[in-house]
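Just the one chain here, laid out as structure tokens, in the form predicted on its own.
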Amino acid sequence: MSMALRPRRVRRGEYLVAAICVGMITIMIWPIVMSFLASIKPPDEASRPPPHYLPQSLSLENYRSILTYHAGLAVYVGNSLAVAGLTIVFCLVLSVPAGYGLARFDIPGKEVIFLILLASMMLPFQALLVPLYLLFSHIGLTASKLGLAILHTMLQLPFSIYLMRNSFEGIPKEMEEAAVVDGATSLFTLRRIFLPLVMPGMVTVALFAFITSWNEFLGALILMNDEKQFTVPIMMTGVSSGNFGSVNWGGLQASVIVSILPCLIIYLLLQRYYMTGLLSGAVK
């Protein structure tokens, strides 16, 4: 009797887990759905109190307005993509060898160095914006995509090093010892053995670097004083400003939907690496 009841209990447990997952997905997707519905309302209806969930009429006027807003949506998206791309490159170039060294080499005081790196995450970067702006202004990096990418790299680098160190530490030492026995150098071991195995960690670093750079607002607002160098978050602030201090809710929600699309595309393109096991390269 107990054996007959066990499959039913398993099914009930599976249904419960599925219901919880569906509920969580609904809660997370609901704000995005509301933003999309508000973005396809006419501008007057989107700002009319009290708000309605479903649009009474459909319009693409909000999307047309952000496409031609000041310098143009393509300029702002291109600026954000360029800064995010540089940030990803800088984070990977710096965090991969740093994580490799902290995980695989006996460096004197490496734990203290690692703790200092992590401690820098506790300091709000807003407190450093004034001296950073003065420094960047002195060396000519204000109103520059390179300067903004360096700032975003500074924000993301400690966490990137933390991720890469954990990825390298998860690789068995026997693989490294076998490479040393075969006469492989540290650089060859890193390039041929470790990098394929830590690809999920590198993808994670790239995703976090992209999202951090794409959504960062305050640093971009302070460094970028040329409208043609503005990024998408700064554009969203201008789009949301309506007449006489009002909020352009339709334009704001349309810009929110547009800003979500690159993050979604990047995630979908890199999803298969996200799902790959840490040691899949060793199995192959």
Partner chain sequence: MAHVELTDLSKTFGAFQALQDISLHIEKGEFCALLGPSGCGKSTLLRLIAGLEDVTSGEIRINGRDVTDMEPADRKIAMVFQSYALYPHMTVAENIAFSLEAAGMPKAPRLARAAEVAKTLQLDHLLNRRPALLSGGQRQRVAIGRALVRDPEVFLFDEPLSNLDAMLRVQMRMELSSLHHDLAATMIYVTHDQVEAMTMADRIVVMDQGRIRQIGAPMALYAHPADRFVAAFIGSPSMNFLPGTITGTGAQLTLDLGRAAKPFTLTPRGQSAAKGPADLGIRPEHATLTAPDATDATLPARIRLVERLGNQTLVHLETAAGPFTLQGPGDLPAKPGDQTALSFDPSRAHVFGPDGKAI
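What you see is a predicted model, and the numbers here were worked out from it, not measured in a lab. Positions refer to the first chain, counted from 1.
Another form exists, predicted together with its partner chain; not displayed. Remarks below refer to it.
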Q. Just one stretch in 84 to 92, 132 to 140, 200 to 208, 168 to 176 has heavy atoms within 4.5 Å of its partner chain in the predicted bound form, so which one is it?
A. 168 to 176
Q: Select from the listed residues Gly72, Pro196, Pro97, Gly78 the one whose heavy atoms reach within 4.5 Å of its partner chain in the predicted bound form.
A: Pro196
Q | Option touching its partner chain, based on a heavy atom within 4.5 Å in the predicted bound form, out of Val180, Ile107, Ile113, Met121 | A | Val180
Q.
Taking its partner chain as it sits in the predicted bound form, is Ala184 in contact with it (heavy atom to heavy atom, 4.5 Å or less)?
A. yes
